[in-house]
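First, one chain by itself: the form predicted alone, in C-alpha cells.
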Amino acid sequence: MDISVAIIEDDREIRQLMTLLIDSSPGYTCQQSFNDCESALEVIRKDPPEVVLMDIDLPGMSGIEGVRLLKQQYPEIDFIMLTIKEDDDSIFDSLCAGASGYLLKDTPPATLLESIRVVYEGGAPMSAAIARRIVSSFRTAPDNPLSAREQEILRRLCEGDNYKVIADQLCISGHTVRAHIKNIYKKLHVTSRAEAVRKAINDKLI
C-alpha cells in the first residue's frame, strides 16, 4: 500500500518537483499539495494523509503553527519539516509543535523518500547537521537546578508527552506529575510548557 503524502510549500517549483518525485516513486503517492496552511487545513481535515511535508516560512500561518493545529486534531499524521531554516528556535519549536522529522531543502531525493518511509514507520528522520545541533543542545549543564526526576519529566515534556503519559511511564500519579511541573516552572522562572522546553534546550538542562 502506498504512503499518502501531502505537501505544504509556497514555492511552486519546489512543490511541483516534490509532487512529481513522490508520485513517480513506487510505494508513495502525493495525495495533496498546498501553497499555504490555511488552504490545507480544510482539505486535510476531510481526507488526512499519512505524512505531511511542511515548510516553515509560509504566507499567513507559519508551518510550525500549522503542525501544532493539525497534530492536535490528527495525532496519527506524521510531519516532516522541509525548510532552509537551521536556527535552534525553528528546530525546537517545530519538534515541540509535533513534527517528527526535520530536513533541509537540499536533502537528496532518495534521502527524502527514505525519510518519508522512516517517519511513517515510527522513526524521526533528521538532516545530519540538524541531528548534531540537537545532540549538542541536549548535553546537560553542570549547574542544573533540577532534580533527576524533574529532568526526566522535563525531557518527556520536550518529547511531547502529556501529563497522563508521563504519569503512566514513570508509575506516578497525575497529581505528582503536576507538582513536579509546578516546581520545574518555579525553578526555571517560566509560566508555560513552551517556555520550559525552550529554556531546557537553550540552557542544556536535560
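Rigid core here is just the name for the largest C-alpha set that superposes within 1.5 Å across the two forms. Just so it is clear, the structure is predicted and the values come from calculations on it, not from any experiment. Numbers follow the displayed sequence, beginning with 1.
Absent from the display: the form predicted together with the DNA. The rest refers to it.
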Legend entry - 4.5 angstroms heavy atom contact with the DNA in the model of the complex for residue 163: yes
Legend entry - is_contact(residue 173, the DNA) in the model of the complex, heavy atom dist at most 4.5 Å: yes
Inset, instruction - Find out whether any non-hydrogen atom of residue 43 is located within 4.5 angstroms of the DNA in the model of the complex, and reply yes or no. - result: no
Inset, instruction - Answer with yes or no whether residue 192 is in contact with the DNA in the model of the complex, where contact means some heavy atom within 4.5 Å. - result: yes
Inset, instruction - Run the contact test on 149, 182 and 187 with a 4.5 Å heavy atom cut-off to the DNA in the model of the complex and return yes or no. - result: yes
Inset, instruction - Pick the stretch from 64-72, 174-182, 30-38, 46-54 whose residues have a heavy atom within 4.5 Å of the DNA in the model of the complex. - result: 174-182
Legend entry - Within 4.5 Å of the DNA in the model of the complex: residues from 33-64 (heavy atom criterion): none
Inset, instruction - Please say whether, between the shown form and the other one, the C-alpha of residue 193 moves by 2 Å or more once the core is aligned. - result: yes
Legend entry - residue 51 C-alpha shift between the shown form and the other one of 2 Å or more, rigid core reference: no
Inset, instruction - Using a superposition on the rigid core, decide whether the Cα position of residue 12 changes by 2 angstroms or more between the shown form and the other one. - result: no
